[in-house]
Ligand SMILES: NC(=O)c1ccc[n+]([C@@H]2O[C@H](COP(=O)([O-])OP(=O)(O)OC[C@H]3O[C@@H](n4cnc5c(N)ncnc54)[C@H](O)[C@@H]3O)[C@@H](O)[C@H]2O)c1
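Here's a solo chain for you in structure tokens, the form predicted on its own.
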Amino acid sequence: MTRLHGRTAIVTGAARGLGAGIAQALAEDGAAVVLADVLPQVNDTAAALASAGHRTLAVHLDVTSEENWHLALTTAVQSFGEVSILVNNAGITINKDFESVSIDEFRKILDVNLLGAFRGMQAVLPSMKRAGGGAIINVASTTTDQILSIAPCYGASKSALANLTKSAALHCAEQGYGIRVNSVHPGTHATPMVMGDGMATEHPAARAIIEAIPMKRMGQPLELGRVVAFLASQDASYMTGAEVFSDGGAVIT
């Protein structure tokens, strides 16, 4: 498919996992993709896509740094043209319950998961306006609806991100920018964050996760990527401020 041909995208947290799957889906749909991450593995991920014939490049991006955002955006525009797709995927979690987690740990999660996306949206807005419109997709989580006692700060950050998405969507619509802002809410996917270091799906811990999913399997990163590509395309031209769940039916149980 080439429905994103001529578009420039930035994907944060793109070195691996969901970010890599999203970058692949956007590239396969014709976009030029800037893969951004603090992990050096992002260079290999971008190179693999380039070797498959896609227009990609890797940039170092710490989403907590406004200077990093400026440099990443400048590189993207100089390399491929004005940015019209932004995917705020970078995220972290700390598995500590409400009594155990510290204020500093909570601040760190908010700085990446919420304020990182906020910085990104503010950074790319002028470029999207010059491009005549665009699409922002913020990667939230099913924890906006499924409360987990082991990750209260992660869930709070993603719920706030979903709300921020709606506020940004309303603002851009009211201003007539032609910029749509939506959130995707992935359930359990087979990523390093979920699987750890090489845990197979046959592992008892993995099997327990899978059995709790109505579809009885984990999602694959490319599956979420294709949802994001749809939201970035004109096929979703009347969608803004939406929450799109891709979770194998987990939230409806």
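Quick note: we count residues from 1 along the sequence shown, nothing fancier. Note that the coordinates shown come from a computational prediction; the quantities given were computed from them, not determined experimentally.
Quick note: we don't show the form predicted together with this ligand, though the next part is all about it.
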Quick check on Tyr154: any heavy atom within 4.5 Å of this ligand in the predicted complex? yes
Is there any non-hydrogen atom of Val34 lying within 4.5 Å of this ligand in the predicted complex? no
Contact test in the predicted complex: Val124 vs this ligand, heavy atoms, 4.5 Å: no
Is Val38 a contact residue for this ligand in the predicted complex, using a 4.5 Å heavy atom cut-off? yes
This ligand in the predicted complex reached by all of Leu4, Ile179 and Ser233, non-hydrogen atom within 4.5 Å: no
Stretch in contact in the predicted complex with this ligand, which is absent here, among 70-78, 83-91, 96-104, 127-135 (heavy atoms within 4.5 Å): 83-91
Residues of stretch 208-227 in contact with this ligand in the predicted complex (4.5 Å, non-hydrogen atom): none
